[in-house]
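Heads up, the chain below is alone and in the form predicted alone; it's given as structure tokens.
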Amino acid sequence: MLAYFAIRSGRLLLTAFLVLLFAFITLRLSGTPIDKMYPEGITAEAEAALLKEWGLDRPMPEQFVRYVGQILQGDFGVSLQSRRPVVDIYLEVLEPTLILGGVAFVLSILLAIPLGVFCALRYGGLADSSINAASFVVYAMPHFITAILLIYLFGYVFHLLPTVGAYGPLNYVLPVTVLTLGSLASLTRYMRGAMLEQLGAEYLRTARAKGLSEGHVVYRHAFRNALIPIVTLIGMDIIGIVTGSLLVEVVFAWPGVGRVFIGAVQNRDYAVFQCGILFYSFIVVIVNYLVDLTYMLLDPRIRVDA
């Protein structure tokens, strides 16, 4: 078991390192921040002075080694645009993002699991067919398309909800709905499939033959076993919400991490972009790590080959 933890932790760190390395190289190959900060151009002497001040005049391998060393000391750099510490910038916008993603995640779980069970128990009926078809359509739609449709309907046609910013509780409705719908659609379909697979299993016939009630058979046996593969989907659900929030925050002008991150990409604000990459990659690898551990706890039949 300890060997397994060590291997998974090593993979986690290696993945985060490779993601950071790729982002570091890609962003620098795309150009310097000077192109964005001074679109009318500056003198060669001024440009050389700025590159030296930012440490961008050094070879790229040296830049990367110095940056990794700063990270290990807890220093994520300073924004080239605002000259403020990157950590302070992200901490200011972290709360709206966590609330947005957290509410969407909780809603998707609370709605998807009972909906999936409901459809499986009424397999082939009108309710099952309708929910399954709606889930397929919603799942196939990108987040930004759903966001634009909701903005048009509730913001411009019916004038019911605000469409930009995070000024009050009503501002949360549309972005939370967009993130929830995508996760809800996928989880509902998979929960339905997992329940159908369990309901047709041989061990349930044996349980019924022993005289157990249908409710006991469904919820104590089928439902519990159906949750095991859903754990992986819940992990993917978290990752989908995290990545989906990037575009959702931009569309709704949401003052969160995603909007800051996208702005850093557009402005080639190296330090802000690199910290954002670390933030998102850390979430992805940690979620995958926790999913593996939870999977082991739920299914004792799984043996880890360490």
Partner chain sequence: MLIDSLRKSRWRGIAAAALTVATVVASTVPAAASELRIGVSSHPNTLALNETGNDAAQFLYNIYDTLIEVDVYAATPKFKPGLALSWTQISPTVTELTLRPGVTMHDGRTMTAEDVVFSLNRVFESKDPRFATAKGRFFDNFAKAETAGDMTVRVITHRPEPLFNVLISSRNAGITSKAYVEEMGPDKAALQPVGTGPYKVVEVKDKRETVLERFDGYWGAKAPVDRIRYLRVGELAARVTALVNGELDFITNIPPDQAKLIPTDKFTLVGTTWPMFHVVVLNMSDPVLKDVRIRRAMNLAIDRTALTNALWGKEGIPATAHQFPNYGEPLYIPGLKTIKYDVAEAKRLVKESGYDGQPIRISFQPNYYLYFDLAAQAMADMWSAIGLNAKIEQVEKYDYKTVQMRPWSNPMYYPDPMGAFDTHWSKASWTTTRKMFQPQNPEWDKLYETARFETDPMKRRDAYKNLITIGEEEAGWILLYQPHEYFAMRKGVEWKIPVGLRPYALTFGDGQIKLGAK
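What you see is a predicted model, and the numbers here were worked out from it, not measured in a lab. Residue numbers count along the first chain shown, from 1. Heads up, when I say rigid core I mean the largest set of C-alphas that superpose within 1.5 Å between the two forms.
Below, we refer to the form predicted together with its partner chain, which is not included among the displayed structures.
Asker: Quick one: is Gly193 in contact with its partner chain in the model of the complex, heavy atoms, 4.5 Å cut-off?
Answerer: No, Gly193 is distant from the partner.
Asker: For Glu62, is any heavy atom within 4.5 Å of its partner chain in the model of the complex, or not?
Answerer: Answer no; every heavy atom of Glu62 is more than 4.5 Å from its partner chain in the model of the complex.
Asker: At the 4.5 Å heavy atom threshold, is Gln70 in contact with its partner chain in the model of the complex?
Answerer: Because no heavy atom of Gln70 falls inside 4.5 Å of its partner chain in the model of the complex, the answer is no.
Asker: Given that its partner chain is not shown alongside this chain, does Val260 nevertheless sit within 4.5 Å of it in the model of the complex, heavy atom to heavy atom?
Answerer: Taking the distances in the model of the complex, the answer for Val260 is yes, it comes within 4.5 Å of its partner chain.
Asker: Just one of 157-165, 106-114, 134-142, 228-236 has residues with a heavy atom within 4.5 Å of its partner chain in the model of the complex, so point it out.
Answerer: Only one stretch passes the 4.5 Å heavy-atom test: 157-165.
Asker: Given that its partner chain is left out here, which of Arg84, Arg220, Arg208, Arg122 has a heavy atom within 4.5 Å of it in the model of the complex?
Answerer: Selected option: Arg84.
Asker: Counting any non-hydrogen atom inside 4.5 Å, which residue from Leu170, Leu98, Leu91, Ala127 sits next to its partner chain in the model of the complex?
Answerer: Exactly one listed residue reaches within 4.5 Å, namely Leu170.
Asker: Which of the residues spanning 248-266 lie within 4.5 Å of its partner chain in the model of the complex, based on heavy atoms?
Answerer: Val251, Ala253, Pro255, Arg259, Val260, in sequence order.
Asker: Look at Ala46 and decide if its Cα position differs by 2 Å or more between the shown form and the other one after superposing on the rigid core.
Answerer: Yes, its C-alpha moves 2 Å or more.
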